[in-house]
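Below you'll find only one chain, the form predicted on its own, shown as structure tokens.
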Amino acid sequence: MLADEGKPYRVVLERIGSYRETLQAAVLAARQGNPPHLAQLFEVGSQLAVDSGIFEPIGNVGGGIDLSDYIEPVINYYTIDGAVNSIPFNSSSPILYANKNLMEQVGLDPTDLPQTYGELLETCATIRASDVDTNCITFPLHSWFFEQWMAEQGAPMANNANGRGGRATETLLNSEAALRIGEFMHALGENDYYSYTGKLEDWSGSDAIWLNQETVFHITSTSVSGTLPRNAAENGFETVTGLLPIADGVDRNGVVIGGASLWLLAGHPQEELEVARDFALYMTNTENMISWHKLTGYYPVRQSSVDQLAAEGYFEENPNTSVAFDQLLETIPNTATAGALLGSFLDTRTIIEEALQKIFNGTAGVEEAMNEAKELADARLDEYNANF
């Protein structure tokens, strides 16, 4: 964002690369004395962003902002130590996508999708017993799903209230809730119900598996709830969606918001910070959030957007999207669903993914893999915290 004296402000967009690269570039630019005004950062970069000291909490600029219209489970993630640090923009969570045609072929009811691990495994057995040449489920082998499954159990991933009541000093990767997730991955692997490319975090690979009808089910982000069903239709089948299946015997708490948000960088005149804030608010106003959702599938982050979509009959015409909204709006705001704050989150994600891969492949038992993951993640967290 640049200011020309006596002229309106204008917006200059610069694409850096991945979310990790964008955060690194923002920190480097700030240290060199030439920070941008706004940066779009992914959710797990939040603790790193706060610790960097280069960002100005957006809720503190120019007398603050009205948060009453923002969906609470979304804004809850970006509220740290009582301050709204950034404005959510592209927000998403995982849901279950199902191939309606294949479900009917194997004798399953497309209106009754599995909602728990146990129900899903029973459904997988039905698919296996049929004479239809397809497998049960695919999803990217990504820590994001582990994080969601922890939140759904109301279980934090780290101590000190998930790092929100004080800096996290220990991960909880071998807790009872974490072991339930590991047992689920073990069951998928032992029975060969799960198909993936063998690569970690391979989103497009899992999409391709499902679109090629190699599996009946797919768990992935709501951000593709607009495009994925259209691609499925081009491949000759209809999509139905359901809630993210969760561990058996626990109450559904809801999901952690994923995606990214808009952060203000300090080091600029107050007037420019306020203009940058106003641009972020414009990007996330009611009308723009509706357009953004219809184009991509990402959530509109304002309740007024959801209300307007409902009023125009959008959810009735697009019933698959209503599942995602119900899941989000029914999320219970608590420290688990607010998401963990870890400065070493990027390393922790890789550690979790490698542990789940070992469990799935059968090269390590559930407790062995998750105990090792906790030990490795805690060591990285200690190393990070030693800087503060």
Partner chain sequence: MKDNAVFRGRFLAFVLLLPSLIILTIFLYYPTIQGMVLSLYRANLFLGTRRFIGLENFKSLFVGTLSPRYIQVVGQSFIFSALVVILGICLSVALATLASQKVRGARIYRLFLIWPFALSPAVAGTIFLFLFNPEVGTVNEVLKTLFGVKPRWLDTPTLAFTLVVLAAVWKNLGYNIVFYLAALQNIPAELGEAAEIDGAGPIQQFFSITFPMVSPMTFFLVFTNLTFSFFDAFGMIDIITGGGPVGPKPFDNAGLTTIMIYQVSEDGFGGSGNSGLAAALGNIILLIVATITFLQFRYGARRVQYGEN
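Remember, predicted model here, so these are calculated numbers, not experimental data. Numbering follows the first chain given and starts at 1.
This next part talks about the form predicted together with its partner chain, which is not shown.
- Interface residue remark: Glu56 is not counted as part of the site for its partner chain in the model of the complex, having no heavy atom within 4.5 Å.
- Taking the partner from elsewhere, Thr363 is found to have a heavy atom lying within 4.5 Å of its partner chain in the model of the complex.
- In the model of the complex, its partner chain stays beyond 4.5 Å of every heavy atom belonging to Tyr314.
- Taking non-hydrogen atoms only, Asp69 never approaches its partner chain to within 4.5 angstroms in the model of the complex.
- Here is the short version: of Gly166, Gly198, Gly107, Gly249, the single residue with a heavy atom within 4.5 Å of its partner chain in the model of the complex is Gly198.
- The stretch that touches its partner chain in the model of the complex, counting heavy atoms within 4.5 Å, is 345 to 353, out of 326 to 334, 345 to 353, 57 to 65, 32 to 40.
- Judged against its partner chain in the model of the complex with a 4.5 angstroms heavy atom cut-off, the residues Glu14, Ser223 and Ala233 are out of contact without exception.
- The partner is not shown here, but in the model of the complex the stretch 30 to 58 reaches within 4.5 angstroms of its partner chain through a heavy atom at Arg31, Leu48, Asp51, Ser52.
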